[in-house]
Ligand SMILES: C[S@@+](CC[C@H](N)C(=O)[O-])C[C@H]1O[C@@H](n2cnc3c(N)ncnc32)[C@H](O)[C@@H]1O
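Just one chain is shown here, as structure tokens, and it is the form predicted alone.
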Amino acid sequence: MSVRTSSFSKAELEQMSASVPFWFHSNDLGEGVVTPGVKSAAQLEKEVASFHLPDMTGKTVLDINAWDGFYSFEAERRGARRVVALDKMMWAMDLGKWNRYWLECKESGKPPSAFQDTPFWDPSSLPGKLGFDTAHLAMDSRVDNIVDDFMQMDTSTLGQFDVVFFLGSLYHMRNPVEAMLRVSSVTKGMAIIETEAVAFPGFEDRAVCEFFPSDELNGDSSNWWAPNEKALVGMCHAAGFREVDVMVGSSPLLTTFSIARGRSVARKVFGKLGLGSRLDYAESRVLRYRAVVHASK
């Protein structure tokens, strides 16, 4: 990625970065200053590569659930004519306090409450938007922002966009089919969908989703569903997308060496590949990964 320039000095940018108590994205503010996000700059660079972003020169882009805005700013950097960052859930959270609460829940083994049911939810002052606003100012960005809940708002007010980002969101949706219908309604070109996904070796021909009634996935009570590849593609088609290209799908390697092929074989293969953390998934016949699809009208 190219080096960002800024109208602020390095010292000013460092102070701006430090003024935000919680960063999720590692945003490059310029002058060598990168915010200390939960997602590192290296992780985000790998993500960008896996998403296979299309040419966005002169395009209109909608970033749904933008959080600190990394992908909104990336679209702007890549020449998009207009970019809209949309969020409410994370912008309404006091993320520093929420993170401490989440860690306490994790240590005690207690599922965290829903965001809106905690004292850290403040949609009037939007404490979680500080990261986006700070990066926006530091980058002299022209990205527009809309504070609203994508699943509750009238999406017709948004219009349609050439490129729509729906990243890290689908598995948070209580109703993923309705979510995909909404994504389709605001897309006139391509939607890029990235989500937690699952593979059940031997059931690749079935469109199935894994359901998480509490905090089974990553200790997060807002995680609800993980579709398999066939279900994800099927939801896109059902929502009105004519063409769906799988950019990152279930790994044939992990599927082949699942427990169905024998525990000893799986241990040898996973050990040699340095994928020991995946062994539990293989032994339970469940493989989880992050899927990426391009859904086009």
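Quick caveat, the model's predicted, so the values are computed rather than measured. Residues carry their position along the shown sequence, with the first being 1.
One more form of this protein exists, namely the form predicted together with the ligand; it is left out here, but the text below deals with it.
Residue-level contacts in the predicted bound form: of Phe115, Phe212, Tyr101, Phe200, one residue has a heavy atom within 4.5 Å of the ligand, and it is Phe115. When the ligand is considered in the predicted bound form, only one residue from Ile192, Leu217, Met89, Leu130 comes within 4.5 Å through any heavy atom, namely Met89. Contact with the ligand, judged by heavy atoms within 4.5 Å in the predicted bound form, is confined among 23-31, 240-248, 225-233, 52-60 to 23-31. For the chain shown alone, Pro176 is not a contact residue for the ligand in the predicted bound form, no non-hydrogen atom being within 4.5 angstroms.
Among heavy atoms of Met139, none comes within 4.5 Å of the ligand in the predicted bound form.
Contact between His172 and the ligand in the predicted bound form is found at the 4.5 Å heavy atom cutoff. In the predicted bound form, the ligand stays beyond 4.5 Å of every heavy atom belonging to Thr35.
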